[in-house]
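Only one chain is given next, in structure tokens, and it is the form predicted alone.
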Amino acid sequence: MPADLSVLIGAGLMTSALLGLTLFLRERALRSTRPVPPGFQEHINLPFDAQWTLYHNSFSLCSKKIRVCLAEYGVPYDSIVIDLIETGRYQNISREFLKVNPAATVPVLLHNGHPIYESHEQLGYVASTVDEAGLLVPQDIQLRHVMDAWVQKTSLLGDDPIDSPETTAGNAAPGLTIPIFASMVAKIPTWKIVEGLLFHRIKQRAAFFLLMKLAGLQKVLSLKPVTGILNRSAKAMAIHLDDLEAQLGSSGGPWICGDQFTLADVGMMVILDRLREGDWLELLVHQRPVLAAYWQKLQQRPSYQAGCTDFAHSLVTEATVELTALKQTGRWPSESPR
């Protein structure tokens, strides 16, 4: 090859590499993420067509919670479904959605164009705005404290709740969700998962999804770090559910605060639904009679249909079937809870 041609080819490759790097850095700048303060953001104004707008994901635990809350209050809202990688793609780190929430998390609730961040803050905001009659919030101050404590106990706290499942029942749920994730991401193209390594704020989450994709469900369930997470999360959830059963007993039921269904029950409804999706009910719920009866009552509320089952995602449904079959056929790793 002539020397001058080699120089031209080299220069062309260098130019292409520099152009590619420039485009990547520009895109990363346009899609940068950052934490946001929780609660109502009066200084932020976003486009809206209805009084209430909900950006949410069909599978997201916190999205389920606010959908159930809005259904209980009968609040109509514009529904904008945002995909996470487990439901198909990283829509939450798109340029468009980052204008709504720079933290790249769902749900985001808008009230007249003002966003409210964090689901427990959204519950409180909706209640303070529409619940003049105290439908989901006890008037008795002591019962209000009980409700607040259980709303906190059903919340996901921190960037990585898997590291602290003992903190809340909400934090114990993500560890038990790993088998569902592994089943779901097996059906997601690898290049879509890699996008998270390039642009997501929490790189270790994207790396974990890529590992699950490459390893496959059964291999993931056999990995010692995963079995450790599953066992720790199951033990922590069992303690939280023992506390719940004790609370239901002391309140006289049928709800956490006695005869009034409250925001605390909204949060617990979606956690128990997540246990259903992961095939954990036999291990954690059915062996606790009071809790099992509570779960049955939760499923009978119209808000369960409106907030949970109406948004059932096909990948989640398939994952539940797959996980149940693994346990029934003896292919579930013996080191993991079942």
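Remember, predicted model here, so these are calculated numbers, not experimental data. When you see a residue number, it is the position in the sequence shown, counting from 1.
Keep in mind that the form predicted in complex with a small molecule is missing from the display, and what follows is about it.
Think of it this way: in the model of the complex, the small molecule has a heavy atom of just one of 104, 193, 180, 136 within 4.5 Å, and the residue is 104. This chain appears without its partner; in the model of the complex, the one residue of 244, 221, 156, 236 with a heavy atom within 4.5 Å of the small molecule is 156. The closest non-hydrogen atom of residue 150 lies beyond 4.5 Å of the small molecule in the model of the complex. In the model of the complex, the small molecule sits within 4.5 Å of a heavy atom of residue 92. Not displayed here, the small molecule is approached by residue 118 to within 4.5 Å at the level of heavy atoms in the model of the complex. Although the partner is absent from this view, residue 61 contacts the small molecule in the model of the complex, with a non-hydrogen atom inside 4.5 angstroms.
Contact with the small molecule in the model of the complex, judged as any non-hydrogen atom within 4.5 angstroms, is confined among 227-235, 254-262, 118-126, 140-148 to 118-126. Annotation: in the model of the complex, residues 266, 297 and 301 none come within 4.5 Å of the small molecule through any heavy atom.
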